[in-house]
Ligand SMILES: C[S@@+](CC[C@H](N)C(=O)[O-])C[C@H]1O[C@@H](n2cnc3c(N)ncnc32)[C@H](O)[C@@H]1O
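Take a look at this single chain in structure tokens; it is the form predicted alone.
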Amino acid sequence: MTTEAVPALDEAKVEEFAGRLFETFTSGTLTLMIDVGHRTGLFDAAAAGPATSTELAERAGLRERYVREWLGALTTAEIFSYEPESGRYTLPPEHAACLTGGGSDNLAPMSLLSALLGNHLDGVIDAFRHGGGVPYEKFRPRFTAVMDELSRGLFDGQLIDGILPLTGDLPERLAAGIRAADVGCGSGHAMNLLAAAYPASTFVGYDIGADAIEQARAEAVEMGLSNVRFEVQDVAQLPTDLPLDVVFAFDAIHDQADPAGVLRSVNAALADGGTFVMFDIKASSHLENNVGNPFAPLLYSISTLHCMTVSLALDGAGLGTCWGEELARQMLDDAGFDVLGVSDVPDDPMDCVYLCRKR
């Protein structure tokens, strides 16, 4: 019997890694503090100018003691600055640009994911041990609201003037009048924006979530739109009675229980030569190619906590968030599409746009 010598630990590396772990844990709790600031309006109130904790609490209509402790966390994290003499806190304008406003520059809604996904951690751990997953229904209705906040700023700022120009002659065709659909439309904001911008075209949004469809319909009414409708629908079984000219899918395919079936369903619903615009995660299908991608740890984590598990809950494919361009191209080809191009998304380094044509 032989025993292998245990290599001596490099204490400097141990200390360095321990420091990294503490930074990770600290970032996790600060993410929740950003969630608090976003949902309570504290960032908007702070952007109005320097304030004491009492003044900031009054601006936001909140309790001063909680605001003061929250400011302690964000000041020591160097998100706020503090003047002891006056007792005033300042949110620098460069920081406010990333934490306030309705456009795609506001990154604060990203913080909402941590609390949402953390609520279902017990179910994910159970799936690690016994298989299956956490069903999509468990995440709703909160999931609908969070995803709406995450995507709304990007759609408002980039959908018409940034993303559509990546789709060849599609803007001209929409202006002339065609039939369009969105699979996995969520709250329907993208379809409502397109319907408002292109009144000659007709639009339909499909989603399995009744709560999401209700929200989409309400917004369409509020916007006074008559050329868009929304239906509760399993997108693996799309209607084919009225062939569509274009189908959109915004970060929806990789979550599906049967993504290959959904792609075939989209293909069947399109008219000959129809266009499929697939907005999805920018990643490689090969882990080694994602090492060094600064967004990869976030993407794989979100996949574990949501995207993969909702698929596996239905005994599905479990593609995961980082299914990647190589596999996406193969699956699109198998479903009967030619990929005409893959483009980066303005103001969104984590996604890309696949422009496809029905073969």
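Start at 1 and count along the sequence shown; that's the residue number. It should be emphasised that the depicted structure is a prediction, and the values quoted were computed from it without experimental measurement.
Although not depicted, the form predicted in complex with the named molecule is the subject of the following passage.
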Is F250 close enough to the named molecule in the predicted complex to count, meaning some heavy atom within 4.5 Å? yes
Residue-level question: is G101 within 4.5 Å of the named molecule in the predicted complex, judged on heavy atoms? no
My question is simply whether A260 lines the interface with the named molecule in the predicted complex - judged by any non-hydrogen atom within 4.5 Å. no
Quick check on R140: any heavy atom within 4.5 Å of the named molecule in the predicted complex? yes
Pick from D122, E83, D234, D105: which has a non-hydrogen atom within 4.5 Å of the named molecule in the predicted complex? D234
Contact assignment for the named molecule in the predicted complex, among S265, T275, N192, S151, heavy atom within 4.5 Å: S151
Is every one of G184, D207 and Q256 in contact with the named molecule in the predicted complex, taking contact as a heavy atom within 4.5 Å? yes
Thinking of the named molecule in the predicted complex, which stretch from 71-79, 124-132, 220-228, 141-149 has heavy atoms inside 4.5 Å of it? 141-149
Within 109-139, which residues come within 4.5 Å of the named molecule in the predicted complex, counting heavy atoms only? Y136
